[in-house]
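Heads up, the chain below is alone and in the form predicted on its own; it's given as structure tokens.
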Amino acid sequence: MLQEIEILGIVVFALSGIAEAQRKRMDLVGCYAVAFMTAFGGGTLRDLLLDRTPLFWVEHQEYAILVLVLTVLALLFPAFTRIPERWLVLPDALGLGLFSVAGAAYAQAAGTSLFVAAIMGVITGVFGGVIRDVVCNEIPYVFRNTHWYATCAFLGCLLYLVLDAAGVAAAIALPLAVAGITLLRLAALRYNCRLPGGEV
């Protein structure tokens, strides 16, 4: 189940990277590079910090091939990725949940503490988007004074880790945590939940 969650997260984040690269009018190489960094940036940093080798996308070359296929298809059929930004809210929230929980689970398996595992989950879910925004010459979304984003990932990762510590089966704890992050992110957008600071 953890690998299936990881694959879904890769697909969602790769598509968000492709969409952003297309808005910047990049070619195939540019779109693939941005999609690659968006899909694998957070997991790569997680693996480096946890000293996990080989890196998850090196171990599973099919992940990188999948992103390439998605990129080619997106360029052949651009209408499928040129969609209004408001329609990307749900896929983005779902991708955040998928990657964050997967990252926390991998960190937990590596023997980290509960707090560190939750932080690793946030890094996995957020850092790919940071790289995407920097490469596309944007202020990283997670660093702007916007609605809860990393906060949702952190709380959802804690939920998974607490459920796991309580003996709840992974088949239940993982989907619950993903759903928790996704719903919390959507609620933050709906009810304008923001962290203090950043206003002038």
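Since the model is a prediction, treat every value here as computed from it, not as a measurement. Note that residue numbering follows the sequence shown and begins at 1.
Omitted here: the form predicted together with another copy of the chain. The next part is about that form.
S.K.: Of these, L155, V162, A33, A170, which has a heavy atom no more than 4.5 Å from another copy of the chain in the predicted bound form?
M.R.: Going through each option in turn, the one that passes is A33.
S.K.: So, L195 and another copy of the chain: in the predicted bound form, are they within 4.5 Å at any heavy atom pair?
M.R.: Taking the distances in the predicted bound form, the answer for L195 is yes, it comes within 4.5 Å of another copy of the chain.
S.K.: I'd like to know if L75 sits close to another copy of the chain in the predicted bound form, meaning any non-hydrogen atom pair within 4.5 angstroms.
M.R.: So L75 counts as contacting another copy of the chain.
S.K.: Within a 4.5 Å heavy atom cut-off, is L70 in contact with another copy of the chain in the predicted bound form?
M.R.: Contact check for L70: no, nothing within 4.5 Å of another copy of the chain in the predicted bound form.
S.K.: Does any part of L114 reach within 4.5 Å of another copy of the chain in the predicted bound form? Heavy atoms only, please.
M.R.: Judged by the heavy-atom cut-off of 4.5 Å, L114 is in contact with another copy of the chain in the predicted bound form.
S.K.: Given another copy of the chain in the predicted bound form, answer whether the residues T44, L49 and V134 all have a heavy atom inside 4.5 Å of it.
M.R.: Heavy-atom distance to another copy of the chain in the predicted bound form: all three under 4.5 Å.
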